[in-house]
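First comes one chain, alone, set out as structure tokens in the form predicted on its own.
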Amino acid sequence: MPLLPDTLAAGPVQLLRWHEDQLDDLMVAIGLSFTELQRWMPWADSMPSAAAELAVLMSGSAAFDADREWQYLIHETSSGDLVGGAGLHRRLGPTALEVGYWIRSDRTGRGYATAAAGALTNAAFAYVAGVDTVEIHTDAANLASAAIPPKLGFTLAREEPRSPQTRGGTGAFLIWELERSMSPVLVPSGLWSLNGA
């Protein structure tokens, strides 16, 4: 049994774990957002095929079951439409997890990324023993993404130089941190109506 639930509620959106039956909707969301995704996501250097994305979904589902990482697809609560993706990643050592997220280009500015990132941060502290810190990493040039962590109580811990891996990347990454001891309730009702990220 995985540590995290298959579904996380987050106000205007619901997070559903990766499953291959979401392939068609995911391909639509990627297609609608590809220009923006290509700027910031290393996996979007070229448009993935449906076969390649199916393999990614199946691999991600196995990783979820094995508690290696927990990837979700974001669905708009009002319509049920797939509007992005988000996940918790174990790439920071045993006591920290990283949150990542993207929102479909025609649904940005509605607070969906903020709600999803908040729900995942809550889940990290609630379900994964030994996690003291959650991080969000954003390229310095990705202003929309970098606007989200402060809304959730994260603080800017440091800036790290990295080799640019995307078309929009600068090589300067902002590392945002939230300690368990400082974690507020991250997705209170009304958060998404106050913030448009």
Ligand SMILES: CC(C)(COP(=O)(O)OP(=O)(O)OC[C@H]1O[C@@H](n2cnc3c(N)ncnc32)[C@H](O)[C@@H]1OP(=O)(O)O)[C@@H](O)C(=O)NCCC(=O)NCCS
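The numbering used is simple: start at 1 and walk along the sequence shown. Just so it is clear, the model here is predicted, and its values are computed rather than measured.
Form predicted in complex with the ligand: not shown, discussed below.
When the ligand is placed as it is in the predicted bound form, which of 156 to 164, 52 to 60, 126 to 134, 32 to 40 ends up with heavy atoms within 4.5 Å of it?
The contacting stretch is 32 to 40.
Tell me, out of 147, 28, 47, 140, which residue has a non-hydrogen atom within 4.5 angstroms of the ligand in the predicted bound form.
Only one option qualifies, and that one is 147.
Name the residue from 88, 119, 103, 73 that puts a heavy atom within 4.5 Å of the ligand in the predicted bound form.
Only one listed residue qualifies here, and that residue is 103.
Quick one: does residue 97 come within 4.5 Å of the ligand in the predicted bound form, counting heavy atoms only?
No, residue 97 is distant from the partner.
Using a 4.5 Å heavy atom cut-off, state whether residue 80 contacts the ligand in the predicted bound form.
Although the ligand is absent here, residue 80 would stay clear of it in the predicted bound form, with no heavy atoms inside 4.5 Å.
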